[in-house]
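A lone chain, given as structure tokens: the form predicted alone.
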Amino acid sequence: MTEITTAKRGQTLVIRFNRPEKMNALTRDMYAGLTTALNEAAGDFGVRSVVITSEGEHFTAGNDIKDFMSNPPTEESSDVARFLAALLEFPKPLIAAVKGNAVGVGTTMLLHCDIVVASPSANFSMPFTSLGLVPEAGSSKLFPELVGYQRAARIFMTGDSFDATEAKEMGLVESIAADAEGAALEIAEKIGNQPPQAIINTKALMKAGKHDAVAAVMKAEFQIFALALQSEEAAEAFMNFMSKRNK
């Protein structure tokens, strides 16, 4: 598929959202493509690290609402659930280069990345409650632990967005660069020159203390998310969202 592209840059695999005309909104097929790319990279000794980035002016607008409503991910075998599992289990360094809007899963996936580089234009939001839903990707645990309960509560419960400077201050972003992708690739190259097993073991050790807890939270989130998707509250919220967008 062409809406998720992959390319090798030395020992780095670059995975790119390539649907700029739709602000890289993610469809079921795109989730499947992301999962395949991550799983293949995990088993490829020639890949030392992965950079996730995007074509166009934005990282991703989150889920494609039309595709999402016609193919709701209510089963743990869904492409969305498989992608989130691939993120959680990915054993190698995962680096993100973010520009423009990073909405919903576009922000929560960053909590699983080892390093995030943002451009000054980056803007982050997780408007789950605004759509009658709940946080996903383990973010209901990872985000409060990262930024503190009260700040996380404000962002989750209001749907407020935040910019690259605030994201760096709270620790979601490691650095800000005018050329975020170029900076991410430089970091990936430095990592690629390190002994690979030492890198994999270091990541495993750093993640070990919370891996099982995050997996359990992700499972609970998914179950509640699936129920919320089928609620009248969510149906009304999605209709309101679509009507506002079409005005």
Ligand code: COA
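These numbers were taken from a predicted model, which means no experiment stands behind them. One rule holds for the numbers: they count along the sequence shown, beginning at 1.
One more form of this protein exists, namely the form predicted together with coenzyme A (COA); it is left out here, but the text below deals with it.
Every member of the trio Glu21, Asn63 and Gly104 reaches coenzyme A (COA) in the predicted bound form with some non-hydrogen atom inside 4.5 Å. Proximity to coenzyme A (COA) in the predicted bound form, defined as a heavy atom within 4.5 Å, holds among Pro93, Pro73, Gly100, Pro127 only for Pro127. Screening Leu172, Leu131, Cys113, Ala152 for any heavy atom within 4.5 Å of coenzyme A (COA) in the predicted bound form leaves a single hit, Leu131.
With a 4.5 Å cutoff on heavy atoms, Leu13 does not count as touching coenzyme A (COA) in the predicted bound form; it lies far away. In the predicted bound form, coenzyme A (COA) sits within 4.5 Å of a heavy atom belonging to Ala25. Comment: 64-72 is the region of 177-185, 203-211, 49-57, 64-72 lying near coenzyme A (COA) in the predicted bound form, near meaning a non-hydrogen atom within 4.5 Å.
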